[in-house]
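There is one chain below, alone, in structure tokens, taken in the form predicted alone.
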């Protein structure tokens, strides 16, 4: 029997799974974590961290793996570099560096084997401490006036329960995503009736789950009950199906433009789009693009 979960705590923590190998970007990601690939002049992961901060989140838990120390270094203080910038009078750059390291509180845990998104979330249980929390998949860059996660927190505050970010996709693309079946309960808000991971045929809708989640702590029990799938991986969608039997889950059709920066074309599109928003680049980039012989 399904019960409704009413929010009792403000959401303060966010989990960032970042232990994957980034094989779609090899050979670039052989020595550089995918999360550190530059989107204009900031690494991909920083955009999502900034979204978390703008949404009111305070504690960032990054799940890392082998070869990911550059992520920790990026968000740490670099005393030598800061001293050098100060000595050379580059105060603007110094301030920018300090803003990165002082953004929020960071903690790290290590996923020793790549056993899926569900497993990556599951190993954060002792850091979550029985609280609702957010999850960010850094491949999904969302450009919006109101941060996408803030939109989701508003849904959580109103309805309770776990909240999934969703977006309409073309029918030809539904096999690439987790797809929900839902009933509308408010503007751009759905109560989830079912979820299907990458349906090969007859998808229940065109509403795809995008890389933002708010999860109640009961997800950890559901993850424990989830059987490993292909490659021994624990799939979050499978755990959400178990959770759905006990607790209401909602979906927020967020407002904003999403770029799949985990895909080479999406990564290039995001770089162009974000560069065009920059006053110091916009005009020169426009002239370059117009001059291309396409």
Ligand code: G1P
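Remember, it's a predicted structure, so these values are computed and weren't measured experimentally. Numbering follows the first chain given and starts at 1. C-alpha atoms forming the largest set that superposes within 1.5 Å between two forms make up the rigid core.
Beyond the structure shown, there is the form predicted in complex with this ligand, which is absent from this document and is the topic of what follows.
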| item | value |
| --- | --- |
| Candidate stretches 150-158, 219-227, 173-181, 105-113, one within 4.5 Å of this ligand in the predicted complex by heavy atom | 173-181 |
| Touches this ligand in the predicted complex: residue 122 (any heavy atom, 4.5 Å) | no |
| This ligand contact in the predicted complex: residue 197, any heavy atom under 4.5 Å | yes |
| Non-hydrogen atom contact residue 133 with this ligand in the predicted complex at 4.5 angstroms | no |
| Close approach of residue 190 to this ligand in the predicted complex, 4.5 Å, heavy atom | no |
| Among the candidates 214, 209, 142, 71, the residue which, in the predicted complex, approaches this ligand to within 4.5 Å (heavy atoms) | 209 |
| Heavy atom within 4.5 Å of this ligand in the predicted complex - residue from 55, 64, 237, 46 | 237 |
| Joint contact, 117, 137 and 258 to this ligand in the predicted complex, by non-hydrogen atom at 4.5 Å | yes |
| Rigid core superposed: residue 38 CA moves 2 Å or more between this form and the one not shown | no |
| Rigid core superposition, residue 56 Cα moves 2 angstroms or more between this form and the one not shown | no |
